[in-house]
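Here you get one chain, nothing else, as structure tokens; it is the form predicted on its own.
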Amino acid sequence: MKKIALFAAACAFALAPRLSLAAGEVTVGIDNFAFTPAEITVKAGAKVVFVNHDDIPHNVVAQEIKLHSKALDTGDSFSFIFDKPGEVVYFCGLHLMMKGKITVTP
């Protein structure tokens, strides 16, 4: 029984909507009109790859850093290196209710 509880806790942690990683490469999925995970924390210099798993196009837009991807069809990806510390709020320019946040640490 303890093994099941530990497995469930590990799964819940893994599926949490927030992710914190060191510099490197992080993938953010686009699925069911949502960015997953919706919030991540990365070190400056990290590459974030956005991958569209939906059946319709989406894009990635962040005004404060002039980030704007093309429309991503199913299976398409877009990557960006976040090199300056701070918070970046982004959204899908085609579906404004889709939002996410990336916190970049030094």
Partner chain sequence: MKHDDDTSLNRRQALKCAAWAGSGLVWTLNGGVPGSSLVGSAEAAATGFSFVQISDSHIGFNKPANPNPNATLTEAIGKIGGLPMKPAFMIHTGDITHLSRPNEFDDADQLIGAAKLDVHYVPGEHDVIDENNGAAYLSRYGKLSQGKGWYSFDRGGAHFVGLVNVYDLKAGGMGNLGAEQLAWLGGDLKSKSASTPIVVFAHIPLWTVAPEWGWGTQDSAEALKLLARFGSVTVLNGHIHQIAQKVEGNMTFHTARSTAFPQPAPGSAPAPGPQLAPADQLRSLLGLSSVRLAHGKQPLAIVDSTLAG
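Residue numbers count along the first chain shown, from 1. All values reported here derive from a predicted model rather than from experimental measurement.
One more form of this protein, predicted in complex with its partner chain, exists but is not displayed; see below.
Is its partner chain in the predicted complex close enough to 44, 80 and 103 that every residue in that trio has a heavy atom within 4.5 angstroms of it? Checking in the predicted complex: none of 44, 80 and 103 is within 4.5 Å of its partner chain.
Partner contact for residue 29 in the predicted complex: its partner chain, 4.5 angstroms, heavy atom: Residue 29: no contact with its partner chain in the predicted complex.
Might residue 49 be said to contact its partner chain in the predicted complex, defining contact as any heavy atom within 4.5 Å? Answer no; every heavy atom of residue 49 is more than 4.5 Å from its partner chain in the predicted complex.
Any non-hydrogen atom of residue 57 within 4.5 angstroms of its partner chain in the predicted complex: Yes, residue 57 is a contact residue.
Within 4.5 Å of its partner chain in the predicted complex, which residues of 40 to 74 have a heavy atom? Give them in sequence order, or say none. The stretch 40 to 74, when checked against its partner chain in the predicted complex, contributes 55, 56, 57, 59, 63, 68, 70, 71, 73, 74 at the 4.5 Å heavy-atom cut-off.
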